[in-house]
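A lone chain, given as structure tokens: the form predicted on its own.
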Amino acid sequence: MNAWLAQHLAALRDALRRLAASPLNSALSLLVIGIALTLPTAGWVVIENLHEATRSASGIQQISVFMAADAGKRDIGEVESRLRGAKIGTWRFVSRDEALKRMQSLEGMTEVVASLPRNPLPDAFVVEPADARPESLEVLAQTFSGWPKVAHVQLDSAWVKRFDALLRIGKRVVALLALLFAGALVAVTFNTIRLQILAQAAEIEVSKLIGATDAFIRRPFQYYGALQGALGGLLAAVLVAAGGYFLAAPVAELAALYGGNFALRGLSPGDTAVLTAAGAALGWLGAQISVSIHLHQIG
């Protein structure tokens, strides 16, 4: 075990030495890898923020439950009890008098309301479900419709379905971008390792002649590729965080104009760790392919 650990530590030191030996080339490679990982990661962050924005924005994915005109306090209390027992999210009661006052406060509606012989508006409940999936909202709307003294249930399910479909398309586009840029990262690492191998071709051949195994020859290059990928993943996380910081103020200002307090969410420590690990794995894969091809060629 000690010999095995010593071999890996030696390979890691060799990989670090290679990175430090050509700082400009290493920096350019890391920049390319970082950008390749930044684009799909930024797309994923944007989609997650859009989804969170629609969940936090008031009135976007809500269900309005209108009571019948002859519904009394007992009927309203029964609906309240059912909503409280269902534990489906948040809800609030809007009385017909409150609804009429809100209508009266709208521009140009004062005279119209004053001319009405009586209040035509019904009592209502506004429900904001915790589960905002389109199919769940439709099931809730059907459930509410069957409750006693409920005259009408309003849900803009078409808008919810359209937005949910757009989010699904966006996720697939990001997945395609991730695959494309993952291939580009492997290609960049492959080419970098290939140049390293060509520069040390004589040393590799001598090592083979004196009995070095393929695993021993591969190991420093694998660490080199994995280090490049991991550092590129960290750089991508930094670039995404910088972009979020740059856009945070305008997004908050826009949210305030719509009466919200939404704030951009960046990558969590767990997300950063996954991104770094993914970069390291892709870098290792590029190095593995490059070294294997060379070793096959020299027999």
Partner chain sequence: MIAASALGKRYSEGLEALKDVSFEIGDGEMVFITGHSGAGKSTLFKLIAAIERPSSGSIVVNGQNLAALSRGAVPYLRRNFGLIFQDQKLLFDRNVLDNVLLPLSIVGQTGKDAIRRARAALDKVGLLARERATPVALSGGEQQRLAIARAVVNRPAVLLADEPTANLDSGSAADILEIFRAFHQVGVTVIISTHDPQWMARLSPRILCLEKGQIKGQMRGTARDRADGGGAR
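Since the structure is predicted, the reported quantities are computational estimates derived from the model, not experimental observations. Positions refer to the first chain, counted from 1.
The same protein also has a form predicted in complex with its partner chain, omitted here; what follows describes it.
The closest non-hydrogen atom of Lys208 lies within 4.5 Å of its partner chain in the predicted complex. In the predicted complex, its partner chain sits within 4.5 Å of a heavy atom of Ala10. The closest non-hydrogen atom of Phe93 lies beyond 4.5 Å of its partner chain in the predicted complex. For Glu135, no non-hydrogen atom is located within 4.5 Å of its partner chain in the predicted complex, even though that partner is not displayed.
Contact with its partner chain in the predicted complex, defined as any heavy atom within 4.5 Å, is confined among 122-130, 198-206, 167-175, 98-106 to 198-206. Checking Gln142, Thr213, Thr110, Ser81 for any heavy atom within 4.5 Å of its partner chain in the predicted complex turns up a single hit: Thr213.
Annotation for 25-51: no interface residues with its partner chain in the predicted complex [heavy atom within 4.5 Å].
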